[in-house]
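Have a look below at one chain only, the form predicted on its own, in structure tokens format.
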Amino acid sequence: MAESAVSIKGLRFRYRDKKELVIDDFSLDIQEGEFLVIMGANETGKSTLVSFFNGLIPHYTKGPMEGDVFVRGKNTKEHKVPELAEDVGIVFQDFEAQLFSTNVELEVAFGPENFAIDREEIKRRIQENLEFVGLEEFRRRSPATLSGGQKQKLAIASVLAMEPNILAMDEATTDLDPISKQGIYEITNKLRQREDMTLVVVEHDTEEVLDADRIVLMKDGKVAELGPAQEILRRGDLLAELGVMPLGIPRFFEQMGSSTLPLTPEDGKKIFEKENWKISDSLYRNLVEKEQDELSQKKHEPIIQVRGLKHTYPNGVEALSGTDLDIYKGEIVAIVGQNGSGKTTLAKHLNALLIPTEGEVEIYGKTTAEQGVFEIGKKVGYVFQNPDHQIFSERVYDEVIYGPRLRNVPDDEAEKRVKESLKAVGLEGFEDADPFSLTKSGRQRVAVASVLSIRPDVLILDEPTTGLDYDGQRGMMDMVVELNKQGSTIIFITHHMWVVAAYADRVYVVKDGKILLEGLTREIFAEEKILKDSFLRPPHFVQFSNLLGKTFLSDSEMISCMEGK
């Protein structure tokens, strides 16, 4: 048998400041040329495991360790990080921490230069990898001026430029739009055509890993399940139990009693037609009409109006170029688009974090320029993509009460708001906790609570589900829906199309600083060709239903419209 690319034997590890094991009796062999996916809920040890591959543990991060990790025959205990770097490239979840050069080109060149690669070869690698990730036009730009998704692509390009034999990506595509994410996996699949290229990916998105060879599901630092990817992906109950999103297509066929569980939209269409199943036109029409009626009841006077909005940043980049938008009371609205399309710039205008270069934004009939950010902050709350950019207090209680105190809310009312806000986000009892000791999901909930305590009419959330596992994503969005039921108008930005399908009433698609599409979620997801031009795609289940001539947002919706069901 060929030597394993990575061999993990009886590995146990806990961090020096923790009592519990984060990796517990873990053994696994990863073969040369294999595409292995590591999945599981947050805090199950996935990222810790990857940190062993290039010696970050035990050489930089210390803690009691048992067992061994061999990378291409080298025991990582005996070989330090620089020695392992030529074999292993890692793109971390916190990709911004990997970027430090003054321009994009220098960032990609840094690794090969440190390996003393010939100058002409370095030039070739820069060009090839910037083209791979779609950043060739940005080679002279400072990384600091890139969008979050563009920074993520740059981190991937800089690792690919070192041409490692083992490439590990720790949720490295989490901030990318769907087509860019697909593109990164296409790139890595091309690299795997080299016989010695091994790909290890930590991923939450099950739709992106259909081409994997094997999946290892982790729980409590252990191997909970290991097997061929397509077998694991058909086990929806197991995936959900372990905090991983089940695929909608096999779940639909399982509920319909089919013995065959397809994974792709195309295979789903073939099996559906083979089973001679039929969708009821009248039931589908009723579904669509009910949805349209519910929206028309909300569409009265808009509470936010955007007209002819243009925004040019000081560096000359025009992020918005003539945008119109209306938000109505009681809606849940998604803003989607490819990386760098202007989504966050648009959202920041909706509460005066940015002021238009041209055009106007009106909140309750008055322009943001007239009102200013402090006044608008009472009506429109904004939760940033990274909660760490928003949190600054040492106690959860102090963080949440800060806004009401700043606005001179009486103490008893402020206390009441803190209690209600923490209850709304599921953090009762955490008043004395340090926010930074919480998980990403916990910190995100603290950020939401700190905005809720101001009692805004409108809540804007920028990528609220990024970095969360399936349970965390559902928990966050279920909380958002509950807030909506209590009267809040919700606007959220996301790259997770299943979140849009499950939670949004209406969708705005932004492309090149303009609104390309606007409509009900079902209407938007029916426009697959236009979405693809915007680097978006519906969830696989929606694509499957589109192939059948109807647009369903979930398997339960579709089952409710089946003839004879």
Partner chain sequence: MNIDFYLDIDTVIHRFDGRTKIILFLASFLALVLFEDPLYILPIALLILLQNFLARAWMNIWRIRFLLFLLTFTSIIMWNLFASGETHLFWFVDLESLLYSIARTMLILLMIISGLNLLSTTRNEELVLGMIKLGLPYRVGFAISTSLRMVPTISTSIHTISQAQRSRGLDLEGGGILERLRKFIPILIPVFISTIRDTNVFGMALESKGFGARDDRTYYLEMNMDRSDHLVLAFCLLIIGISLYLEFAGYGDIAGLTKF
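Positions refer to the first chain, counted from 1. Under this definition, the rigid core comprises the largest set of C-alpha atoms superposing within 1.5 Å between the forms. Computed from a prediction, not measured in an experiment: that's the story for all the values here.
Quick note: we don't show the form predicted together with the partner chain, though the next part is all about it.
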property: Proximity to the partner chain in the predicted complex, single hit among I303, L483, I279, I122 (heavy atom within 4.5 Å); result: I122
property: Interface residue in the predicted complex among G236, G467, G111, P178, criterion: non-hydrogen atom within 4.5 angstroms of the partner chain; result: G111
property: Exercise: A369 in contact with the partner chain in the predicted complex, heavy atom 4.5 Å; result: no
property: Contact of F132 with the partner chain in the predicted complex (heavy atom, 4.5 Å); result: no
property: Contact label in the predicted complex: D388 to the partner chain, heavy atom within 4.5 Å; result: yes
property: Interface membership of M245, the partner chain in the predicted complex, 4.5 Å heavy atom rule; result: no
property: Per-stretch contact check against the partner chain in the predicted complex, the hit in 252-260, 180-188, 96-104, 69-77 (non-hydrogen atom, 4.5 angstroms); result: 96-104
property: Contacts with the partner chain in the predicted complex, stretch 372-410 (heavy atom within 4.5 Å); result: V373, F374, G377, Y382, F384, D388, H389, Q390, I391, F392, E399, Y402, G403, L406, R407
property: Yes/no, E254 Cα shift of 2 Å or more between the shown form and the other one with rigid core fixed; result: no
property: C-alpha of K290 off by 2 Å or more between the shown form and the other one on rigid core; result: no
